[in-house]
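This document starts with one chain, in the form predicted alone, laid out as structure tokens.
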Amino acid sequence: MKNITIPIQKIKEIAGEHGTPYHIYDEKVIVNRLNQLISSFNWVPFKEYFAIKANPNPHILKIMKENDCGVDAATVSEIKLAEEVGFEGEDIMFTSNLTTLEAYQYAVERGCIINIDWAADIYELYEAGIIPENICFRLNPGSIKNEIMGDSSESKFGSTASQIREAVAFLAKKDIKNIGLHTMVVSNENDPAIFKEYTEMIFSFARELIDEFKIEVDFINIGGGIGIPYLSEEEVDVNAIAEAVKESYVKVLSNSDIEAKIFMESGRYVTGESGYLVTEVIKEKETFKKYLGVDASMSDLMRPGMYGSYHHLTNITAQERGEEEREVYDVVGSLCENNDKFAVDRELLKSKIGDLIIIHDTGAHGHSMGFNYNGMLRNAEFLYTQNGEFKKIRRDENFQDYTNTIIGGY
């Protein structure tokens, strides 16, 4: 059984007053995770650039700003969202791919750190007169494998070492003496050995560039990728991950005059465990197996349907009535897609129509990946603040929201 950090009585009250489904986030969990991450890397000049894609609600981004973080933006829209909260300049890392000149220009004009995915873009930027002040290159090592991101040699992201080396040679001739490096090759990963392996690789590459081109590498962004314990209550050992990175840093860089800052772009680790999707059982069905139909769907949480990912489920109503009998269910939404499932063959307390089920660990890549297939409307978000208050931070979509971009009579 996984712990629920938000008062269950209040979760029920919101369901009664507002209805279900809805997402809710615990601010205290977010701040604790940030503090843990920052303290674990206190052996080096460090900065967290929260990955906006994980949870783009401005109220969540404001928490990052209040805790001295930057943000990582993948699109111009995410830059604009960050600007709405007050982020500017080098507090925004623009990590895009297949990037247009228009998008580059927007980011360059605002002084963002430009994290170039395809190294050859630097030639096009110079030809167009769009010259970033803060240039970073994204390395794809082609040698790291991870369950979610797969084999990096088959990834669409980043450039090879030789491609970046050519781009740095070009910049050196332009008298550019300072760059950053970046790699992001794991997702939902908690094995310190993998972090040690790939950071040693990028630190070594940084040293090669420094020695060959007499440039400075101001920072090395080692990506995000720290996972969360979807299956258990055990906390991720971020200290062990940071210590593994430190071993690589000391081995490769500390015996020289290189003093590169370390950046990260953690999203899931920071907000994932803070979030819950609250949903109600609306239908029971039995064919070749037993189904619990809930009023949330894959449009509220795509991860189980997309990746087959595990999210713990707690039937808080069954717990309160003292239910002891257990049943095995598929817990499903109402979309016209057979992968619209939150759990398959999951043993739960015997459930009834009207029961409230809490889906755990939905604070990252939950609401942010929502969509409108079948005309499903995206649902409200709430924040449980550190001082014990509850705030609605996004209302439910309505039918007008669904149709207001349509042009012309019909």
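Quick note: we count residues from 1 along the sequence shown, nothing fancier. Model, not experiment: these values are computed from the prediction.
Another form, the form predicted together with another copy of the chain, is not on view; read the next lines as being about it.
Q: So in the model of the complex, does Val44 come within 4.5 Å of another copy of the chain, heavy atom to heavy atom?
A: Outside the cut-off, so no.
Q: Under a 4.5 Å heavy atom criterion, is Ile14 part of the interface with another copy of the chain in the model of the complex?
A: Ile14: no contact with another copy of the chain in the model of the complex.
Q: Heavy atom to heavy atom, is Ile215 within 4.5 Å of another copy of the chain in the model of the complex?
A: Heavy-atom contact with another copy of the chain at 4.5 Å: absent for Ile215.
Q: In the model of the complex, does Gly142 come within 4.5 Å of another copy of the chain, counting heavy atoms only?
A: Within the cut-off, so yes.
Q: On the criterion of a non-hydrogen atom at 4.5 angstroms or closer, are Leu98, Glu284 and Tyr373 all touching another copy of the chain in the model of the complex?
A: Spot residues vs another copy of the chain: full contact, yes.
Q: Determine which one of 170-178, 230-238, 72-80, 197-205 lies within 4.5 Å of another copy of the chain in the model of the complex, judging by heavy atom distances; exactly one does.
A: Among the candidates, contact is made by 72-80.
Q: Heavy atom within 4.5 Å of another copy of the chain in the model of the complex: which of Arg326, Arg321, Lys251, Lys289?
A: By the 4.5 Å heavy-atom cutoff, the listed residue in contact is Lys289.
Q: Of the options Ser159, Ser309, Thr314, Gln105, which one has a non-hydrogen atom that comes within 4.5 Å of another copy of the chain in the model of the complex?
A: Looking at Ser159, Ser309, Thr314, Gln105 one by one, just Ser159 meets the 4.5 Å heavy-atom criterion.
Q: Can you name the residues of 385-401 that have a non-hydrogen atom within 4.5 angstroms of another copy of the chain in the model of the complex?
A: Read in sequence order, the residues that approach another copy of the chain (within 4.5 Å, in the model of the complex) are Lys391, Lys392, Ile393, Arg394, Arg395, Asp396, Glu397, Phe399, Asp401.
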